[in-house]
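First comes one chain, alone, set out as C-alpha cells in the form predicted alone.
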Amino acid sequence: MTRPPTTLHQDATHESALGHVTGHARYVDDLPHPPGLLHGVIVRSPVARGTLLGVDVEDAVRLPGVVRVLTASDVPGDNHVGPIVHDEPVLADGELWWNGQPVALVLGTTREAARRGAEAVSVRHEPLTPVLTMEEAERRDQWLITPHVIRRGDVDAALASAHLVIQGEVHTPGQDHFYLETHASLAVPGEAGTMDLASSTQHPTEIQRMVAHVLGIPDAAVTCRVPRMGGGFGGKESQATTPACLAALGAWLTQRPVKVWLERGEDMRITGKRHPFRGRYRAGFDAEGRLLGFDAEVVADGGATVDLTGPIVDRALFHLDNAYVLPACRLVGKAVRTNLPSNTAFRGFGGPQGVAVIEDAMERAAFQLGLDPVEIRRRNYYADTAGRDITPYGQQVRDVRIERMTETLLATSDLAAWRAEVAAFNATSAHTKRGIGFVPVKFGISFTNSLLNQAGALLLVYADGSVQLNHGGTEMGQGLHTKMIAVCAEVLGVRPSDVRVMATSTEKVPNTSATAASSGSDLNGQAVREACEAVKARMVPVACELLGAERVRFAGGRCVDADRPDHAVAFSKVASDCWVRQISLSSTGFYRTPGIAYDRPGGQGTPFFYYAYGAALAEVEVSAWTGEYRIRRADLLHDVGDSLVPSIDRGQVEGAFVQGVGWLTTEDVLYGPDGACVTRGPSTYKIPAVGDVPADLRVNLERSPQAGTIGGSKAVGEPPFLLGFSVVHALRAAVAAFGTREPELALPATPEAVLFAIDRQRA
C-alpha cells in the first residue's frame, strides 16, 4: 500500500534506545541524591501466619547510622492500602499474613547502616498454622472474592448429547515478573505539608492517592513522577504502592528525603506473582470435533489480600473461549486466600490462565477424535456470521480475522512440508523426537471496568516551535513514548526530534489509569491527538494569514498552502507569531473509550472495545534421555491493526512470545514449608535466556486498520504472550511420538516434567 509521507505507521528507533544501551537513561535509583537522604530497609515477617506481639527496636536504634525505626503505630493516616479493597497493611499490625510481609522500616544514613539496623530488629510473634495451598484453602472455605458466573444455553443437555465428553484438570503456574529494575521510590518532603515522589510504578495516580491516604493529607498535596521503568509487566501496577508509601512515611516523619529500593531477592520475596490457577472442565464435542458444551470452573490463588484478584479472575473467564464459539456453557470463576504474598497483575491479566483450559480440551479432543489439531480449531472459530459471532457474555465479535490469519500462517509456513520433515525425522530417531504445535489467539482489549478507560494529555508548544508532550501513560521499555511522539508529530506536522516527552507526572495529567491492559497507546494516543488538534486549530488562522492561503496543511516542520504546495512557512515561524499575537499554545486532551459496560452479577455485557488476534506454529526437539528440549522454529503472525510504529510492535510480539514460553516451560515459583519464596534470583529461577529463543524465529504482522482506534492501530502488549502455547502443544506432540497413548504434560513443562511425560508414554 502506498502511503503519503508521515511519521505514523513507519519503523522508528525507541526514543530511549541510546540512553538504554549507553547507560545514560535515568531510573529512580539513578536520580541524584537530595541533601540529607535516608535509606529505608524493610524488616519482614519471619512466618507465613502469626500473631504480632511486638517489634523490639532498641538494639537497632543504638547502631551507628540508624536514625529511626518505623512501625504501624507511626502511620498518621490509614495503615491499609489496596487498589480495590484497602485490606493490605503498609506495616503489619496485629497479625502476620505472609512470610516476607513488611513489619517495620529502618531508616539509616546509608543503606548498609539501615540493613544492619533491620537485622537487629526483633519481631516478637506467636506462629499460627498457615494455609499455603489452594486445596487447603478450599477445604477451609477461605474464599477471597464473590464468584463470577457466565451462562449460556443448557450445558448439561449439550454434554449429554455429545459424541465425546472430555473431563480434565489444568494447573497453570505462578510467574515472577523479574523486571530488570526492581521496586524503587524516592520521597522528598516539600513545604506546607506536601510530598513529592519519584516512583517506578505503572500507576502514578494510585501512588498519589495511597500516599495521601496513608499520610492523611489531600491528594493534591502529593505529586508522583515516573521517569521511566526498567520493566513492569503488571508487577508495578498495584504493588509499587507499599515501597512508595514507606518512603513517603519516612520522609513525612523525619522531614528528610527517603529512598526505598528493593534488592532482587527482597523484591522476589515480598511481592506477589502471576496468579496460579486450577481449572476443571467438561467439554463436549460432536464426531467432527465441534464444541457443543463447555462446563468450566477456574480457581485462582490470590494470596493474602485481594489486590487485583477479582478483575483477573473476570478476565480469565472472558478468555475461556479463546477463539472458539461456545454454543452452551457454564463458566465459574473463584479465588482463594492463602498465606502467601498477594498475587497481582501480570501480562495477560488472567487471560492466559483461562486460555490454558480450553486449549487443553482442544488438544485432547484432537487426539481422541484422530483429527488434525489445526483443523479441529478452525471448525470452532468465531466468524462474521449470525450464530458464530456472540461470546458467552453476550458481546458481538466483529471483524473476525482469525480464519484469514490461520490461512496466511499455514501458507507462509508451508505446514504440509514442515510436518513431512518432522515425520521423516521421527521415523528414524528412537530417542529424540520432534513435534509441531499450533495455537490461535483472540484477546479482548480494554479495561473491563469502564471507569478506567480514560486518559488525558497536556501539550505545550513553545515560541521556537519545539514541543513538550505530557500524557498519563508510563514508559516501561514498551515504546509507548515512541508511539506518542509519532502521534504528536503526525498531527502537528513537525519532526519527531522536535517533540520532547516529559516524565509522567500527576501534576501534569490528573486522575490517570494504570498503564496496563494493553491500552496505553489506545487511550493516551487519542488524548494526545485531541490536545494536538486543539493547538493546531489555533495556529491555522495565523498560518493562513502568513501564506495568504485559504487552507493549510502541517507537514515536515512547515505549514504548507494546500492549494499552492510551493508556498510554505516554518512551523516555528507560525508558533512565534502566535505568541506575539497572544494566542495560547497549550491545551489538554481527553479521551474515554465508548461503549464499555458489563453486568458482573448477570454475566452479560461488552467488556471490550475490540479483539486482537494472533496465530503461531512452533517446532521442538526433545531428548528421551533427559527430557531436555530446544525450540527449533517458531512462526508467529500477530494482528496489530495499522501499526503506529511497526518496529516497536515487532519487538513486543517477540518479547511477549518468549516471556509466554518462559511461563509455560522454564519458570517455576517455589515456596518452602514455612511459606518463604525460595526462588529468589536467577540462580534458582530460570527466566528464558538467549538459548531458549527459537533458532529460527519468523515474525510477521497482520496490518489491517481497526475502526475507531488511534491511527487504526491495535494493542499489542499482552495478546502475543499467549502465542507461547504453541510450544506447549509442540512438546505434547513430541511426547506423543514416543508412544501411542494420549500425552500428559504438567505445567510448567520443565525438562523434568517432559521426562516424566515421556516415561509414561514408554510405559
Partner chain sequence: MAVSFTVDGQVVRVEGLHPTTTLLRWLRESGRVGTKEGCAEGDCGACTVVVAHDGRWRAVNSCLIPLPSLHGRAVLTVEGLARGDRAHPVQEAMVEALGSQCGYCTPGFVMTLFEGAHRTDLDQPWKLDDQLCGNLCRCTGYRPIRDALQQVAGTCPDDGLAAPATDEDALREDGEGGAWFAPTRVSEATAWLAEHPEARVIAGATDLGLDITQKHARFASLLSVDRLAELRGIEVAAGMATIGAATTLVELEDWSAEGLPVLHRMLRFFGARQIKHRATIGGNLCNASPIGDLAPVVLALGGAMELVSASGARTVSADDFFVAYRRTALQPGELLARVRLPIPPAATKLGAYKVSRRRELDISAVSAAFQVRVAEDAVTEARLAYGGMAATPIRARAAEALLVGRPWTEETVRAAADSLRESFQPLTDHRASAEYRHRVARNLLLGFFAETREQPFIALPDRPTATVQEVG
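Computed from a predicted structure; not experimentally measured. Residue numbers count along the first chain shown, from 1.
Although not depicted, the form predicted in complex with its partner chain is the subject of the following passage.
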Worksheet entry | Sole residue of R115, R419, R388, H171 within 4.5 Å of its partner chain in the predicted bound form, by heavy atom | R115
Worksheet item: From the list L637, A486, L320, V222, which entry has a heavy atom within 4.5 Å of its partner chain in the predicted bound form?
Response: L637
Discussion item. So if I measure heavy atom distances to its partner chain in the predicted bound form, which of the stretches 94-102, 334-342, 474-482, 237-245 falls within 4.5 Å?
Written reply: 474-482
Discussion item. In the predicted bound form, does every one of D30, F178 and A695 come within 4.5 Å of its partner chain, counting any heavy atom?
Written reply: yes
Discussion item. Would you classify E263 as touching its partner chain in the predicted bound form, given a 4.5 Å non-hydrogen atom cut-off?
Written reply: yes
Practice prompt. Look up in the predicted bound form whether R630 has a non-hydrogen atom within 4.5 angstroms of its partner chain, and give yes or no.
Written response: yes
Practice prompt. Give a yes or no for R741: in the predicted bound form, does one of its heavy atoms lie within 4.5 Å of a heavy atom belonging to its partner chain?
Written response: no
Worksheet item: Using 4.5 Å between non-hydrogen atoms, is P688 touching its partner chain in the predicted bound form?
Response: yes
Worksheet item: Listed by sequence position, which residues of 32-57 have a non-hydrogen atom within 4.5 angstroms of its partner chain in the predicted bound form?
Response: none
